[in-house]
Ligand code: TYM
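Let's start with one chain on its own, the form predicted alone, as structure tokens.
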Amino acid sequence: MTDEDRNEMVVTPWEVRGKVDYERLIREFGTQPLTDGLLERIVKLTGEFHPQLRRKLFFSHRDLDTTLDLYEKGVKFVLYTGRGPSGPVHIGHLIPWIFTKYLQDKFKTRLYFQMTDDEKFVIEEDLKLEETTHFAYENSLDLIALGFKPKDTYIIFDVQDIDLLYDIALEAAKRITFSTAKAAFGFQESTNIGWIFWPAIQAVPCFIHTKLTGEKVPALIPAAIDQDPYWRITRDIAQKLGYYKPAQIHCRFLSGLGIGGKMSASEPETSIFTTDQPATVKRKIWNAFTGGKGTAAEQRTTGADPNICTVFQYFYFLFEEDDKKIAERERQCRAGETLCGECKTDLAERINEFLSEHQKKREKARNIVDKFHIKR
């Protein structure tokens, strides 16, 4: 792959690479920017300006304003997000999950979390079904470790729970034409038919609350924008099925530790996994791409560039909540007062402290994971 290919922006539900232009994504996906007015409404309703909102980590939406209008009129909403279990969870996956927990706590609502072990099996040529099922179980431990509770969180394991999903999936599939799916996903004649049908499965959690409770409420989906095509075609058929259109709020991608592209499990040396041990974290962070200069002397004189520094991105996304401290770190970086080695050491310590607690909670989650299943 040439440098030009590597830098070219590609954003699909199955691949994200290159330098991501979020304004361009808003135009090409046809979404709406997350305005200051909408942020103010969320703060007014929740009483808190979440760090991910303050720092514009969420940047785009579909019908968030409509969902808030309904909420203010007494129509609650449910939350829906998920995970494609093709490997272990990395820190980038946690970004929208942490924000989902904030929404759940503030709006006192239910979360449906979909583990798409079936999708990964039909799409990933080298994965066996028992592997994706295993990853779904292991990934669910990371979700639970973030503090979600079984009384208002339901984890859907697609293969195991297909009896709950299939009737709604059929209703959705009957109304999505192949031409629509092909336009949204780029399906080819060589695409297997399991993959072609699968978008109907991902539509189901948008509507399953009504099936389980009889309550007709909209679903709000916090997720990265690469998954938007699935719900775009779901929105097209929602009202035909008698449901609200699902709303979305889209987050930015946490970059990998290499040059360009989001963090990806397919590039393990540039990803921090929730199961990584301290020495592994230190090694990966120490090898990270930064905005530093060739020598310490040069950097002391001319400063560094935090805009392209993957280490700074980690502080900005997750590991420094204090806005004054993140601004001071940026200033010191640009002024050459702080060298990359100092930031790397600090970040490795913070990540290992976080993972130490997360891994303990993750192991405890094995004892309660069954409580998150939807009861028949």
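In case it trips you up, residue 1 is the first one in the sequence shown, and so on. Values in this document were obtained by computation on a predicted structure and should not be read as measured data.
Keep in mind the form predicted together with tryptophanyl-5'AMP (TYM) is missing from the figure; the text below concerns it.
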In the predicted bound form, residue 120 touching tryptophanyl-5'AMP (TYM) (heavy atom, 4.5 Å): yes
Is there any non-hydrogen atom of residue 253 lying within 4.5 Å of tryptophanyl-5'AMP (TYM) in the predicted bound form? yes
For residue 235, is any heavy atom within 4.5 Å of tryptophanyl-5'AMP (TYM) in the predicted bound form, or not? no
So in the predicted bound form, does residue 276 come within 4.5 Å of tryptophanyl-5'AMP (TYM), heavy atom to heavy atom? no
Non-hydrogen atom within 4.5 Å of tryptophanyl-5'AMP (TYM) in the predicted bound form for each of 81, 224 and 262: yes
So which of 162 to 170, 187 to 195, 281 to 289, 262 to 270 is the stretch with heavy atoms within 4.5 Å of tryptophanyl-5'AMP (TYM) in the predicted bound form? 262 to 270
Considering 132, 140, 153, 114, which brings a non-hydrogen atom within 4.5 Å of tryptophanyl-5'AMP (TYM) in the predicted bound form? 114
Would you kindly say which of 77, 157, 231, 148 lies with a heavy atom within 4.5 Å of tryptophanyl-5'AMP (TYM) in the predicted bound form? 231
